[in-house]
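Structure 1 and structure 2, given next as structure tokens, are two forms of the same protein chain, each shown alone.
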Structure 1
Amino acid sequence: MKTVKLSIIGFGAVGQGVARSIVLKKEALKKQGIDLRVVGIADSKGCEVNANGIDLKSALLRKKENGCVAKGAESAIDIIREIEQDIIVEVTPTNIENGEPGLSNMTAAFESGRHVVTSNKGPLALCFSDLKECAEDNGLIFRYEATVGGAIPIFNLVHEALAGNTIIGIEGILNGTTNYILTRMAEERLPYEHVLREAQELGIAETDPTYDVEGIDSACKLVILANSIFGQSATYRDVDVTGITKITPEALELAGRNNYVVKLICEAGNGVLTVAPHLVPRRHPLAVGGTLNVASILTDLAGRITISGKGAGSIETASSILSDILYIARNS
């Protein structure tokens, strides 16, 4: 039995999803010879540490009842640097201004000899090359499947299943909020403001939806794809971005009459990075509805490969994080 110790840094929706997925899969993983033990949890108000493994069900209940997991005075950085463990799961909120606190957490993890798994887009959209180099210099594994596309295994597909192919270009829909808004506007002929309010009430859109509707979230994800797959050193500021706020029901109706839908499409290839609304044929693989995400990858050997699935959600995102944890457990 291989014991793998890890900490969860950030215990919001995604961090709790990771804890739930480990509880759900713990016995099945033991049958595969892997014993996952969470030895540290940190949220914005405190932390819990147990070198023998935290009772995750208890931690989840305490978070629900008290709004925090606090049992000790250690900070996230203390947990990362001082606790004996193999993997840091960094799932603090995305900050695209300076990448903090995720950037410092990941750097501290690599400097302390810990592998890193993350869903945090901010540090990767700003400092991808620096983080990758820091991991490599310390002989560590850096995995970030959950940063783009939620449950969709884009990086696993490209770097493993499509190894040997040259990736020519990638296009797709990488933000479920905007896709939901455009889908509802087109289906119900409703104005943008009405559908946005609906999305906020359903929890699909944030109270401040700027990152989503202005295309910034999509741009961050596109940059991570470009840097990881094409070896670029771009930041989200290098993306030509147009959001969806000026799209009218009349424009969507006109597109529909001609068998098109309007989608916020991300494109990377030949050094070009763009996020903008596009006309997409109604039967095209990119014409997915609701909150779905989709990525279409053009290769030299395999041709075009298109994958679609849930681009957000606590358990869905945790699915990708758990996949990365298990990759490290089996390959480190």
Structure 2
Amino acid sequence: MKTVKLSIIGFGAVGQGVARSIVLKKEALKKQGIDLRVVGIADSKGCEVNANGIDLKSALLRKKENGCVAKGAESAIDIIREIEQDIIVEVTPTNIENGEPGLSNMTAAFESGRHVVTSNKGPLALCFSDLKECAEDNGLIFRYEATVGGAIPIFNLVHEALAGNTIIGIEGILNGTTNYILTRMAEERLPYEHVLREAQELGIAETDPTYDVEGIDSACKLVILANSIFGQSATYRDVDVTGITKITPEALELAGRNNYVVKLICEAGNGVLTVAPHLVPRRHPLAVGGTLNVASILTDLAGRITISGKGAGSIETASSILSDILYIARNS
């Protein structure tokens, strides 16, 4: 049995999803020879540490009842540096101004000899190559499947399943909130403010929903894709971005009458990075509805491969994080 020790840094929707998925899968994973032990959890108010493995069910209950997991006063950085462990799961909220606290947490993890798994877009949209280099310099694995497309295994698909192919271009819908807004406005003729509120109630919108509707969240994800797949060193500021705020119900209706839908499309290829609303034929593979995300990858050998799925959500995002944790468990 291989014991893999990890800490969850950030215990919001994603961190709790990771804890729930480990509770759900613990026995099945043991049968595969992997014993996942969470030895530290930190949220913004404090932490819990247990070298033998935290009781995740009671940590989740405490979080629900008290709004925090705190039992001890150590900071996230103390947990990252001082506990003996293999992996840091960095799932603090995205900050695209300076990437903090995620950037410092990930750097501290690599400097302390821990592999990193993250869903945190900010540090990768700002400093992707620095983080990758820091992981490589320390001989560690850096996995970030959950940063783009939530549950959709885009990086796994490109780096593993499509290994050997040259990737020519990528296009897709990488933001569930705007896709939900455009779908509901077109199909139900509901006003923008109403459907934005619905998206917020679904828990998929960013804390500041301008990041969604102005296309910034899509730009961050596109940059992470481009840096990882094309080896670029772009930041989200290099993306040519137009959001969805100027799209009127009349424009959506006109598109619909002509069998088109309007979608916020991200495109990367030939060094060009763009996010902008496009008219897409109603039956086109990119015309997925609701909160779905989709990525279409153009390759030289395999041709075009298109995958779609849930781009947000606590347990869906945890699916990608768990897959990254297991990759490290099997390959380190």
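Quick note, the numbers are simply positions in structure 1, starting from 1. Keep in mind the model is a prediction, meaning the values are calculated, not measured. Definition used throughout: the rigid core is the maximal C-alpha set that superposes within 1.5 Å between two forms.
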| property | result |
| --- | --- |
| Either 1 or 2, the form predicted on its own | 1 |
| Yes/no, residue 193 Cα shift of 2 Å or more between structures 1 and 2 with rigid core fixed | yes |
